[in-house]
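What follows is one chain in structure tokens, specifically the form predicted on its own.
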Amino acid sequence: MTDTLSPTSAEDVLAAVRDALAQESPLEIVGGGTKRGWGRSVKSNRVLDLSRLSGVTLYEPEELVLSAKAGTKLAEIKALLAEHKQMLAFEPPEFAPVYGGPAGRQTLGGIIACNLAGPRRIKAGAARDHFLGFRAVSGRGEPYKAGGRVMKNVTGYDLPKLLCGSFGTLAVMTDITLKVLPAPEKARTVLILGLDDARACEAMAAALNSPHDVSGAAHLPRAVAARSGVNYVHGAGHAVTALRVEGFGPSVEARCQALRALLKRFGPSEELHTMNSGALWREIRDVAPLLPDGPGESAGRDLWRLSVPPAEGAVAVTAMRNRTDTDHYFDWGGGLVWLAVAGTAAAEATSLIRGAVALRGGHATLIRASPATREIVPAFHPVSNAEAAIAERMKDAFDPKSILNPGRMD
């Protein structure tokens, strides 16, 4: 039987962690519960549910800073920022549908704990690059804070960078402070039609190396583009390479024209304006083109996220497609590959995927798989002995009794 604790304050969180420590009873840390399918299942019958630890505690639009409790819904934060024409520039994805859940439940703490960022990462950076400070409770049952409200006043160890991406295994965050940025006035997307993977990576590289300030560069092969909800994309009948340009209206228009002229040698192009452009990049951000349309389609399809040098992405995918049944698309100018794999034994697929990626200096993360596969396949790419030793020392410093999310990142 699962015992669920629902704290409403940082003091409640502290008491819950200290009680778990005293009883040596591990806790599964949950916000919206939207990413519980990522990583190994936590071996615990006690859940620390932070969803009631909610609310924006500070927002100064003129200073571009926002603080909120860790359980605050991301949708609430986005709505507040939109009122002031601001945004979370790292473009956090909505992962709940990846695991079959409804959208809109993910929390700020979950996004930071997983260091999630969307297509704009190539320009704005990852979540950790906007993470200014936090308050938390360590696995030792000690409250502490780190960072600040602006980048320049941070001294000592950069603990926000350490906690961002730790999946709740080092501390329970209770309050989070972020840098926010003005939202662009307009966004348009240049579409180049009919390129194969290798040629698309060349086009994306040319666009990103141009002076036209591209904020998104993705490539959808023909079969994946056909699943888009954007008419101009699914009706193209070709593979689609998408290049996003954002900013003030006249500037966006001029840069799109210049970009289309620069890339004319790659083939015919089209252009999406603000509404359709936004819809396409939300699909790319949320992995929508690779999600099943019905409950039966998810059987046997594991979802991988591959990080590779952009010039190596097409080569790595070709090596995998020659030996297994896959669908894929590229983001981050070719440096991020989303891969859905079907019809291959878990161990065989893991060896194939991680081998192909490692040969090219990248790493592969298993995002979604069946419960059986999750138990035998590590979600995270193997690290060197030196890296493992550092991680072990960090775990011992913050959570020596393995009270917090034990086994999640194993």
Partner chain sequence: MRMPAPDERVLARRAEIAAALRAIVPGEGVIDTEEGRRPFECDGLTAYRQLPMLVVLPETTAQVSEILKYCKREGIKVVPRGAGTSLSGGALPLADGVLLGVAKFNRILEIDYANRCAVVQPGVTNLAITQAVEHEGFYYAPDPSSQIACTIGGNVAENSGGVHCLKYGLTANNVLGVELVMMDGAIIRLGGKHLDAPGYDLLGLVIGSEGMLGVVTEVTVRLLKKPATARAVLLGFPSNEAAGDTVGAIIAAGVIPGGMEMMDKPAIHAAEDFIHAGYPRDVEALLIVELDGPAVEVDDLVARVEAIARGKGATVVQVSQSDEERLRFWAGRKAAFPAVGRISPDYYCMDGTIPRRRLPEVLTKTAALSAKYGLRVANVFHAGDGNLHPLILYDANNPGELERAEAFGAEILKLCVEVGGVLTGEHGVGVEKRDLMPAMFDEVDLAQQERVKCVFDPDSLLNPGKVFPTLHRCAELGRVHVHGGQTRFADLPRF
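Model, not experiment: these values are computed from the prediction. Residue numbers count along the first chain shown, from 1.
Keep in mind the form predicted together with the partner chain is missing from the figure; the text below concerns it.
Asker: Just to confirm the contact call: exactly one of 270-278, 219-227, 103-111, 136-144 touches the partner chain in the predicted bound form at a 4.5 Å heavy atom cutoff, so which is it?
Answerer: Every other range fails; the passing one is 136-144.
Asker: Identify, from the list 161, 301, 260, 234, the residue with a heavy atom within 4.5 Å of the partner chain in the predicted bound form.
Answerer: Exactly one listed residue reaches within 4.5 Å, namely 161.
Asker: Of the options 285, 121, 188, 328, which one has a non-hydrogen atom that comes within 4.5 Å of the partner chain in the predicted bound form?
Answerer: Result of the distance check: 121.
Asker: When you measure heavy atoms, are 175, 196 and 265 every one within 4.5 angstroms of the partner chain in the predicted bound form?
Answerer: Not one of the three qualifies.
Asker: Examine residue 52 and determine whether its closest non-hydrogen atom to the partner chain in the predicted bound form is within 4.5 angstroms.
Answerer: Judged by the heavy-atom cut-off of 4.5 Å, residue 52 is in contact with the partner chain in the predicted bound form.
Asker: Whether residue 46 contacts the partner chain in the predicted bound form should be assessed with a 4.5 Å heavy atom distance threshold; does it?
Answerer: Because a heavy atom of residue 46 falls inside 4.5 Å of the partner chain in the predicted bound form, the answer is yes.
Asker: According to a 4.5 angstroms non-hydrogen atom cut-off, is residue 215 in contact with the partner chain in the predicted bound form?
Answerer: Output for residue 215 is no: heavy atoms all beyond 4.5 Å of the partner chain.
Asker: Please tell me whether any heavy atom belonging to residue 166 falls inside 4.5 Å of a heavy atom of the partner chain, as the geometry stands in the predicted bound form.
Answerer: Result yes; residue 166 sits at the interface with the partner chain in the predicted bound form.
Asker: For the stretch 108-130, return the residues whose heavy atoms include at least one within 4.5 Å of the partner chain in the predicted bound form, in the order they occur.
Answerer: Going through 108-130 in order - heavy atoms within 4.5 Å of the partner chain in the predicted bound form - the hits are 115, 121, 122, 123, 126, 128, 129.
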